[in-house]
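Next up: a single chain in structure tokens, the form predicted on its own.
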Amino acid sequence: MILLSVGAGTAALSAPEVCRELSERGHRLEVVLERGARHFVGPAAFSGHATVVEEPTGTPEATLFCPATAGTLARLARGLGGGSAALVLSGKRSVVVLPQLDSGTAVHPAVQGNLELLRGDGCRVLGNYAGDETSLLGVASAVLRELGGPMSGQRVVVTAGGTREPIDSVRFVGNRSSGKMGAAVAREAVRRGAEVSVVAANVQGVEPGVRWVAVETVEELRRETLKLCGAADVLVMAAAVSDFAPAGAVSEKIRRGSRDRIALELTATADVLQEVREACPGLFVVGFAATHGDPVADSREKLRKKGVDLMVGNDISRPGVGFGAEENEVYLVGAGGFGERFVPRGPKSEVASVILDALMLELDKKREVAAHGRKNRSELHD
């Protein structure tokens, strides 16, 4: 059971959405509305996702204070008890705190001291609530990480979108990838407790709850991906990376003038996936193969040629499942125990869930094989 303690602040308006997110991940929740919280949100807002109680019916696995006022922070940090803080203080449990403090209170030495005490005591203290700057998904994912979700402890890098290679100051060579599939994978990984970084090539908006790195060209994507993968466990290469770039970009706009034709020379771009594989041989890598027609053969070939662990193939020529669509239909090809599987057309959020299920199966198989190999080597040395 997760206990959600709702304090008196405007962030209380966001608490029902956080509650819904945790409930949809299969957790049972109880909600305590602290003094003054009902001025912002009532019990009906949590209906269907949690039970509003005066006192928790048992000891929770985790407690989320959303929001935590200066008074709540003091009770938690100084052992003063009162409200939900009393239950937390009675026995060490996972605690996540979302402070909501005005600018003057936030910098007060006593408040800063309380926050430091909480961090030192093992509480996960999130950034001060500032409306849209603190994502609801980020709050929920912090709780899931505390509970040890299925991907808790996994550091995942996701590339998303499509790169653009400049022809001149206004034109570029690119593709129609919207980044929706990569964003869906990142969102689902966060929901499962992973720490996620997204290298986003020309993607509209920012996915909440992740480290977001915006890039434009193949070179920028290559550099940032290699940098992040050095400390990662998994790479999901969902971005559509340009295979070619203009041989020489012009710094100004090319004017038509009297010319009806302009020759454009293209050169091959870097093979980002191959470079990552060479630089990070222990990294678990998921590749994507966007094809016109049946993607199975191409996925099998790329799985072998690229040395990746799982390949996701999709036919972008089919209406409703190509670039920019809300749905997708893919074929998964694994290198280990997963084998091959067709994933029928559905929302990209559902397809992302299946991809991550396959990823975890393949990752477990890979680790099992590695452990068996280490055991055999150890026995030979003995």
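Remember, it's a predicted structure, so these values are computed and weren't measured experimentally. All residue numbers refer to positions in the sequence shown, first residue = 1.
There is another form of the same protein, the form predicted together with a small molecule; it is not shown, and what comes next is about it.
Among heavy atoms of Asp102, none comes within 4.5 Å of the small molecule in the predicted complex.
Looking at Gly287, you'd find a heavy atom of it within 4.5 angstroms of the small molecule in the predicted complex. Heavy atoms of Val199 never reach within 4.5 Å of the small molecule in the predicted complex, leaving it off the interface. Proximity of Lys306 to the small molecule in the predicted complex falls within the 4.5 Å heavy atom cutoff. Think of it this way: in the predicted complex, the small molecule has a heavy atom of just one of Val96, Val241, Ala245, Ala184 within 4.5 Å, and the residue is Val241. For the residues Ala106, Val250, Ala270, Ala297, the 4.5 Å heavy atom test against the small molecule in the predicted complex is passed only by Ala270. Picking from 298-306, 70-78, 190-198, 206-214 the stretch near the small molecule in the predicted complex, with a 4.5 Å limit on heavy atoms, gives 298-306.
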